[in-house]
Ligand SMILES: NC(=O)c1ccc[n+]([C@@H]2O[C@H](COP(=O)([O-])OP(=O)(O)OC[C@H]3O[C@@H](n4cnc5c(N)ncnc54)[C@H](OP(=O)(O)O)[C@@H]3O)[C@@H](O)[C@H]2O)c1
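So this first bit is one chain, no partners, the form predicted on its own, shown in structure tokens.
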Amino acid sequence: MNELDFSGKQVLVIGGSSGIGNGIAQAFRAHGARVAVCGTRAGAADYSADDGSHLEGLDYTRLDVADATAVERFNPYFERLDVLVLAQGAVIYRRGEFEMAGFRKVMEVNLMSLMACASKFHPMLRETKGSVIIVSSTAAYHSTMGNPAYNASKTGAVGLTRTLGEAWADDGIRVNGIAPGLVDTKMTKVTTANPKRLEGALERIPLKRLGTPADMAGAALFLASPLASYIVGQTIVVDGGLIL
């Protein structure tokens, strides 16, 4: 028996149009699942590999999770759902998160929408005794001086994972999460595109390399599989040892 065979399973990755979410989506597809992804642009053609987007074989639908009513109105084409991955994320640099408008915007995407999306699909997941995977960040475990909203939202995501894990276990739904470290995506270009910052970052990572979306996908596949059938409410840190 191959516990990582997701043939016949339906997966939805919110924030699956690029970066970590896209890597997770493609990993589930490679393991047999039918995978739907959501992003903010009008259509799949509006993304390119330069954006870190590989949408071949994925079913793309537009969903702007910053708009709470859009989540409520969202009407999926599929009738069952086995795995929900919440990988949406936003960050504002240059102290933009110290302004309340910026703080609220990041919190809306990174935390409020997690609960909105999880609640939206709870009935479908209850039917299949499915799995939810919430993507947070190692920022939940230390200060990120210039990004208070990002930090607070990712810390909140870890707490939400614990709480929904306990609350929904009785429904047969396993809620878990992953906390990526420094992963090479467009969101981390502020570090990875700066040679001095990148050198300093790599010095702090015991494995001496950046993480990849594929690294994160491995943990997601595990958590959604029968191999993790007794794991509930946990967030696995996937960071090459960064926060040790």
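As the structure is a computational prediction, the values presented were derived from the model and not from experiment. Throughout, we count residues from 1 along the sequence that is shown.
What comes next is about the form predicted in complex with the named molecule, which is not displayed.
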Tell me, yes or no, whether residue 89 is in contact with the named molecule in the predicted complex, where a contact means a heavy atom of each within 4.5 Å. yes
I'd like to know whether residue 205 contacts the named molecule in the predicted complex, with contact meaning heavy atoms within 4.5 angstroms. no
Even though the named molecule is not shown here, does residue 20 get within 4.5 Å of it in the predicted complex, heavy atoms only? yes
Residue-level question: is residue 174 within 4.5 Å of the named molecule in the predicted complex, judged on heavy atoms? no
Every residue in 47, 154 and 182 with a non-hydrogen atom within 4.5 Å of the named molecule in the predicted complex? yes
Go through 95-103, 141-149, 80-88, 119-127 and give me the stretch that gets within 4.5 Å of the named molecule in the predicted complex, heavy atoms only. 80-88
Among 219, 201, 66, 33, which has at least one heavy atom within 4.5 Å of the named molecule in the predicted complex? 66
Within 4.5 Å of the named molecule in the predicted complex, which residues of 93-132 have a heavy atom? Give them in sequence order, or say none. 109
